[in-house]
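First, one chain by itself: the form predicted alone, in structure tokens.
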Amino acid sequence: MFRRERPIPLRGSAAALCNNLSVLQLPTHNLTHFGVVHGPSAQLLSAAPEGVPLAQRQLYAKQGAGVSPPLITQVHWCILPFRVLLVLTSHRGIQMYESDGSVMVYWHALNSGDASPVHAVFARGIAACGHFVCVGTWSGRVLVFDVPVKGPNIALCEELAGHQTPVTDIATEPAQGQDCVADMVTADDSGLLCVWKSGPEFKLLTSIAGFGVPCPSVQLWQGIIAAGYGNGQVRLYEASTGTLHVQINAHARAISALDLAPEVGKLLSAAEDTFVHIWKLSRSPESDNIEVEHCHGECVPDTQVCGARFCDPSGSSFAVTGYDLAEILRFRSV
């Protein structure tokens, strides 16, 4: 069971975007950082365990070549082997900051030259993969940036072509040096999933066909792909083969966020139906099949949930954002 804790106030509500919450836990400082997007700005908050906001910072999308202020599409902390970067995506480009948002270390402008007049240009879907930061784009390409141990000498080293429609989300997991092990999954607006192996050159291992429904959020854990879809389903696939193991009719409306607690294999799903559910993933020792157990359900009344994240790797607490909700709701297990 989970109980509601003291919420963290926001200056404005979260925008109605999928995956609109990022969380960075700093155990050594007994702090948790939260990032939320609204319009042309991203709000960063630091809070102690009792929920008292200790600091706030407002970051704005870099103007680029446009006239009107660009809208931010996502904010996400990327935990790399030697540093943590805060990455913002917008309709103009990709901004990378030091983890506290104090210094912008890299800016990549999106080139709208190859976009048709009816297509919006934007970046969306952010993940760290080893010493790379991967970012999805409106064209379906995934940009791979090589990040040095320190400093601003970040370089675009590869563009991955696997999608024909805009990328929605990217999930990664350390491959631990094994050969031919999938360690990144990308999803798009058609529901297609691409499974990759990272390295000096990324390799496409397999594709999992969509079924006409977008896949707004995806996660990867111990060779299991968890994908949340616009019809409220959560599907669990074998990453190495693309085989569908489990299909859960988890929500009545489109899923807006998935998250995983890696230490225990808990999966959090949130949707526009006002519900947040927690599931326990495991493998059968006899058959190695993927198994699922429902652990908890939480209703956030009259709220279009647009972001939800665990606040620690053991899954003992989680946070939720909603459209037209001027606070971050927090829940802790009892």
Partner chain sequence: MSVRTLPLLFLNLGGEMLYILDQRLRAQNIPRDKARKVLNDIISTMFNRKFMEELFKPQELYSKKALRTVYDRLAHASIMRLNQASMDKLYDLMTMAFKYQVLLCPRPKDVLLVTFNHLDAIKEFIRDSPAILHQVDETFWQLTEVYGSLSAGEFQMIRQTLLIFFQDLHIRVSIFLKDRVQNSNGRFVLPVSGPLPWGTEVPGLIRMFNNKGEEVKKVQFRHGGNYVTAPKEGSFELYGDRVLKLGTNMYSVNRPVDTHMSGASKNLASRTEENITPNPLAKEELNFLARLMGGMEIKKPSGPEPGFRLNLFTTDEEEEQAALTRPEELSYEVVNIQATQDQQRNKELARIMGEFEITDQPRWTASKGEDLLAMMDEL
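Numbering follows the first chain given and starts at 1. All values reported here derive from a predicted model rather than from experimental measurement.
The protein also exists as the form predicted together with its partner chain; that form is not presented, and the subsequent description refers to it.
Asker: In the model of the complex, is there a heavy atom of its partner chain that lies within 4.5 Å of any heavy atom of residue 189, even though the partner is absent here?
Answerer: Result yes; residue 189 sits at the interface with its partner chain in the model of the complex.
Asker: Is residue 231 close to its partner chain in the model of the complex, meaning a heavy atom pair under 4.5 Å apart or at it?
Answerer: The answer is yes: residue 231 has a heavy atom within 4.5 Å of its partner chain.
Asker: My question is simply whether residue 18 lines the interface with its partner chain in the model of the complex - judged by any non-hydrogen atom within 4.5 Å.
Answerer: Residue-level check for residue 18: yes, a contact with its partner chain.
Asker: Does residue 197 reach its partner chain in the model of the complex if we count a contact as any heavy atom within 4.5 Å?
Answerer: Residue 197: no contact with its partner chain in the model of the complex.
Asker: Though its partner chain is not shown, can you say which of 120, 156, 161, 204 has a heavy atom within 4.5 Å of it in the model of the complex?
Answerer: Result of the distance check: 120.
Asker: Work out which of 102, 111, 222, 247 lies within 4.5 Å of its partner chain in the model of the complex, going by heavy atoms.
Answerer: Checked against the cut-off, the match is 247.
Asker: Pick from 237-245, 260-268, 139-147, 79-87: which stretch has non-hydrogen atoms within 4.5 Å of its partner chain in the model of the complex?
Answerer: Single hit among the candidates: 237-245.
Asker: Would you mind checking 249-272 for residues with a heavy atom within 4.5 Å of its partner chain in the model of the complex?
Answerer: Stretch hits, in order: 249, 250, 251, 252, 253, 272.
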